[in-house]
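Before any questions on how it binds or moves, here is one chain, the form predicted alone, in structure tokens.
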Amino acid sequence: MALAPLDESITLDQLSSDPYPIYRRLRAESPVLRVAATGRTLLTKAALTKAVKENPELFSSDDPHTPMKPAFRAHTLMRKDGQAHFVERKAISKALTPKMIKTDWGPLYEQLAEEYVARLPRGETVDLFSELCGPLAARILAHILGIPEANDEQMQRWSQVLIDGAGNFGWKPELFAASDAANDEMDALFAALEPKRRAEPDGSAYSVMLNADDPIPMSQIYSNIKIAIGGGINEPRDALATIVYGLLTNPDQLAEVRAQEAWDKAFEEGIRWVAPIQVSSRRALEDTELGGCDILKGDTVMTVQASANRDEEIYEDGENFFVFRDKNPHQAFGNGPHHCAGAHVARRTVGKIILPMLFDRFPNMTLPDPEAVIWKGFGFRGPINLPVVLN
């Protein structure tokens, strides 16, 4: 056996602008490939990505070379294993349980969705990404986290800056300068809100973590909230935009989704088709082998969920959006100990509330020019605009 082949031709720009043809080729030719531009070994088959995520004893989340650490100015729970990860995840997940989401937050989600959808003008062309998907995801998240004092613009800007920093595999200093400034703003807000969240406990993540019987350190409470800001806006935002695009470009499927009220299926297919979180890194703790290639102790492998979700061994016609698949065992929310803690929130807000409400209010919504929609992102991906006519 030998190390995986080394590719020096694939660029980060290519992976950001249009990665799917590259992943399709890699699944067929080199499912384990060292890609120089990323400094990592890319894994593009579903069996490989699943095996790595489900074996934290061999593949650690603690990647010392990740740009996430400077971006968040913290060693976050995303980069921890075992008990350290469990303790921090448990601290925030008490605010994100399905029961809490349904009983404590459900009515508020509905109210916020109604407010934001009601603002949209009938009969006009609107960029749904900037006018609904982003702001509504930001507002819902601000309430869940216990920082509703942060406005939509701040939440979205902080999220994007953290995402840009966490995906800064080219280590551009200007991106870390921007994340430093955002960290300063967030730290100041959290400190200002702390007395109120202690004195008036509620079910928000900040309040739950502050008022716990055995609270985690303040530095980790802060980093937990920042991780949620980083991932908790883009995931529902990009999922919503992707699903609306998928349905409007497949009107026959939209009609069937309406007839069956299959919004939950549409949600699962959208995040399979274009996974909002496309890749994750893991560090090999021992010499091992993957897909017939040697992986050396200390090497960083990158599980490409984006590619696994289109693997020909699992999906027929996986490159296309098709809501009514027989099986859809996608990895968009990850798997293993780091399965996305916000999965229930995204499923409920996007799948059960916003999608049916949006298509009910604008039953004849159209996407006049699908070619005008721009898709971007290597680490995180979705449309960055969505110009629709609201009828």
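Heads up: residue numbers just count along the shown sequence, starting at 1. Not measured: the values here are computed from a predicted model.
The next section is about a form of this same protein that is not shown, the form predicted in complex with ligand HEM.
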Taking 4.5 angstroms as the cut-off for heavy atoms, does A239 touch ligand HEM in the model of the complex?
-> yes
Using a 4.5 Å heavy atom cut-off, state whether L136 contacts ligand HEM in the model of the complex.
-> no
4.5 Å heavy atom contact, G165 and ligand HEM in the model of the complex | no
At the 4.5 Å heavy atom threshold, is R89 in contact with ligand HEM in the model of the complex?
-> yes
Of 174 to 182, 253 to 261, 73 to 81, 285 to 293, which is the one stretch near ligand HEM in the model of the complex, taking non-hydrogen atoms within 4.5 angstroms as near?
-> 73 to 81
Ligand HEM: the contacting residue among R34, K53, K45, R348 in the model of the complex [heavy atom, 4.5 Å] = K53
Only one of A113, A150, V208, L96 comes within 4.5 Å of ligand HEM in the model of the complex by heavy atoms, so just point that one out.
-> L96
If you look in the model of the complex, which residues in 245 to 276 sit within 4.5 Å of ligand HEM (heavy atoms)?
-> F267, I271, P276
